[in-house]
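Given next, in structure tokens, is a single chain: the form predicted on its own.
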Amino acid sequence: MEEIFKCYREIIPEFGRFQESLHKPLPNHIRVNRLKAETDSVVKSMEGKGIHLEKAFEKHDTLYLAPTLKSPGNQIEYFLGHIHPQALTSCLASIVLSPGNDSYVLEMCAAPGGKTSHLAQLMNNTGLIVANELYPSRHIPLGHVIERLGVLNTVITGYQAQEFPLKQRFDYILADVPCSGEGKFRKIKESSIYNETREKQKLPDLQKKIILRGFDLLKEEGKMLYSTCTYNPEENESVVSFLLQNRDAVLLPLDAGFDSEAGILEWRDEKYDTELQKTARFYPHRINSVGFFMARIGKRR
């Protein structure tokens, strides 16, 4: 396993600790769904069954670590839509985007629906979310998540993200793009480490097309979040740098409330704009969750 990520030794701090973290199972985090239940009642209900919950984020009382909860989907709170199992870093993406009430929001690659439902929760079920998902086979589970969690402000579309129609502009856009998924890798899931090399080579081209389309769909005052769950600079900083070179885009400050590393400024033979320092890299030995990359983007005024 140590061989898989050795190419990142120079960019991942405390590389030894990073490697050690890959031998540990992913923790169980759950999000309390305030659209259907109050946090205190959910915590009390689960604690009453001997399921201990630890607050994962002081600024948000809906995110919890459930160290003894092995099967969240078997709990009555899950079926009632009171909780949703979701990686902590995945939750942070919606929090960093932070759409307000009555906003017009586009999620470009929406399945399986965790971020969609979280966005709806942050918006108090107001405004409109367009949850776009290319593959029809994913529409049914996406719809089930939305229905179970009581989301009322969302419609599902099936466009290719990079060709989403330009008829309407959005206040907020989440581009959590298809990626190589390296941040999800732990030893216990070695078989699902990430896509084959042949497929990985296609990803940066697709990601660049998606980020350009997303930016073109933004209103003048709009905000966009580009995110992946991978460490590969070719899918992260390189894609955002491509946007800066081809559009009048600016990177906005990003404070997720957890330890993160600034984006890197060079990788192999490619150098990036110093603005890339405003992006954020989340590593599993710093925040015990899936590895993530985020860039918060606006339009130059």
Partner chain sequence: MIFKNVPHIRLASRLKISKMGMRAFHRVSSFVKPTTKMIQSFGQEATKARLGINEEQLLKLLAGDSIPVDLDLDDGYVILDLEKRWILGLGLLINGRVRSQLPRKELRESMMRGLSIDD
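Numbering follows the first chain given and starts at 1. Everything numeric in this text was worked out from a predicted model, so none of it was measured.
Absent from the display: the form predicted in complex with its partner chain. The rest refers to it.
Student: Thinking of K70, F258 and D273 as the candidate spot, does its partner chain come within 4.5 Å of a heavy atom on all of them in the predicted bound form?
Tutor: Judged in the predicted bound form, none of K70, F258 and D273 sits within 4.5 Å of its partner chain.
Student: Against its partner chain in the predicted bound form, would K36 count as a contact residue? Criterion: heavy atoms within 4.5 Å.
Tutor: Yes, K36 lies within 4.5 Å of its partner chain in the predicted bound form.
Student: Given that the partner is absent here, does N74 sit within 4.5 Å of its partner chain in the predicted bound form, heavy atoms only?
Tutor: Residue-level check for N74: yes, a contact with its partner chain.
Student: Can N124 be called a contact residue for its partner chain in the predicted bound form at 4.5 Å between heavy atoms?
Tutor: Yes, N124 lies within 4.5 Å of its partner chain in the predicted bound form.
Student: Does the 4.5 Å heavy atom contact test between T228 and its partner chain in the predicted bound form come out positive?
Tutor: Result no; T228 lies far from its partner chain in the predicted bound form.
Student: Between L218, A161, I156, A111, only one gets a heavy atom within 4.5 angstroms of its partner chain in the predicted bound form; which residue is that?
Tutor: Partner contact (heavy atom, 4.5 Å) among the options: I156.
Student: Looking at V130, M224, L203, C91 here, can you tell me which has any non-hydrogen atom within 4.5 angstroms of its partner chain in the predicted bound form?
Tutor: Only one option qualifies, and that one is V130.
Student: Choose one stretch from 101-109, 177-185, 83-91, 206-214: the one whose residues place a heavy atom within 4.5 angstroms of its partner chain in the predicted bound form.
Tutor: Among the candidates, contact is made by 101-109.
Student: Between 23-56 and its partner chain in the predicted bound form, list the residues on our side with a heavy atom within 4.5 Å.
Tutor: Heavy-atom contacts to its partner chain in the predicted bound form: K36, K44, S45, G48, K49.
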